[in-house]
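Before any questions on binding or motion, here is one chain by itself as structure tokens, the form predicted alone.
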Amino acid sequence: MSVSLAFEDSVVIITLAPEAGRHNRASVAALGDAAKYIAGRLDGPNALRAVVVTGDFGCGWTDDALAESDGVPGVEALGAGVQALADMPQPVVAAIAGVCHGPGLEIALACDIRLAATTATFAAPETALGTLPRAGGTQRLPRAVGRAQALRLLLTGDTIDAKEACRIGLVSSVLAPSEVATEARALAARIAGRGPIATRMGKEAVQRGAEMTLEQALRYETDLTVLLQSTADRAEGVRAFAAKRPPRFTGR
């Protein structure tokens, strides 16, 4: 199975296992199905509030996937699973311990926070094949690291290590290989313990605001803040602060 799920309270762990480290239509479709399932579990006693993506991010596409992607429908099919991951309302933490090239890098870029082990490497090698990233890489990479660094990686195909990835802002921190998955789980658990509506709206504000003018984005932030005022979680947060106790959020 190319994608598996494990549940730790309100955190879900997505483990990637593409065959021989290469993605195809089935592996990205499985990722998309998992993302849509998790996105649908926002409410109720078994709500999922944060996500970790770990395992083998992969080194490229299979030959069959590259052959299948001729024309718009084929390319869109390969990108759909990664887009579903990017569209998830819950915050997503990536724990990257090994090779993260091509579609693996695009999967990592669809996550919100990226942690890397010292053994991780990153590359966008597609131009060596006379092609381009086909799952959002040309758009999410510059949004993560800036135009100059994105063009350096996209046009040269250079492989960079975790230290360089951290320097340019591709990952947030670099840890020992034995620590990266544990730290990602701990980080996701911390996020899951906060106001779930607020964390989802915070993610939404950053993502959508990046495409707006500053004036529009500030207005959007205000609109989301006003919406939060009517939630039970916001009232609980205020009560808990006044009582000097941990809040008991319900996601409502």
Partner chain sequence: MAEAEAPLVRVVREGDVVWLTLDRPERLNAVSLEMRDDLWSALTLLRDDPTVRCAVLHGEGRAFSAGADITEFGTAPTILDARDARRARDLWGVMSTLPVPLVAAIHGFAYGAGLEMSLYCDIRIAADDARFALPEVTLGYIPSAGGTQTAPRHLHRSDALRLVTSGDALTATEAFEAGLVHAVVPTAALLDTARTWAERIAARPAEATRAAKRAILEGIDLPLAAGLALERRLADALNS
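Nothing here was measured: the structure is a model prediction, and the numbers come from that model. Numbering follows the first chain given and starts at 1.
Keep in mind that the form predicted in complex with its partner chain is missing from the display, and what follows is about it.
Looking at 58-66, 22-30, 36-44, 208-216, the stretch with residues near its partner chain in the predicted complex, meaning non-hydrogen atoms within 4.5 angstroms, turns out to be 208-216. Heavy atoms of Thr54 never reach within 4.5 Å of its partner chain in the predicted complex, leaving it off the interface.
Its partner chain in the predicted complex is approached by Asp112, whose closest heavy atom lies within 4.5 angstroms of it. For Pro91, a non-hydrogen atom is located within 4.5 Å of its partner chain in the predicted complex, even though that partner is not displayed. Using a 4.5 Å cutoff between non-hydrogen atoms, Ala184 does not count as a contact of its partner chain in the predicted complex.
For the options Thr127, Thr119, Ser173, Gln83, the residue carrying a heavy atom within 4.5 angstroms of its partner chain in the predicted complex is Ser173.
At a distance of at most 4.5 angstroms from its partner chain in the predicted complex, all three residues Gly169, Gly195 and Thr222 contribute at least one non-hydrogen atom. In sequence order, Arg143, Ala144, Val145 are the residues of 141-158 having a heavy atom within 4.5 Å of its partner chain in the predicted complex; the partner itself is omitted from this view.
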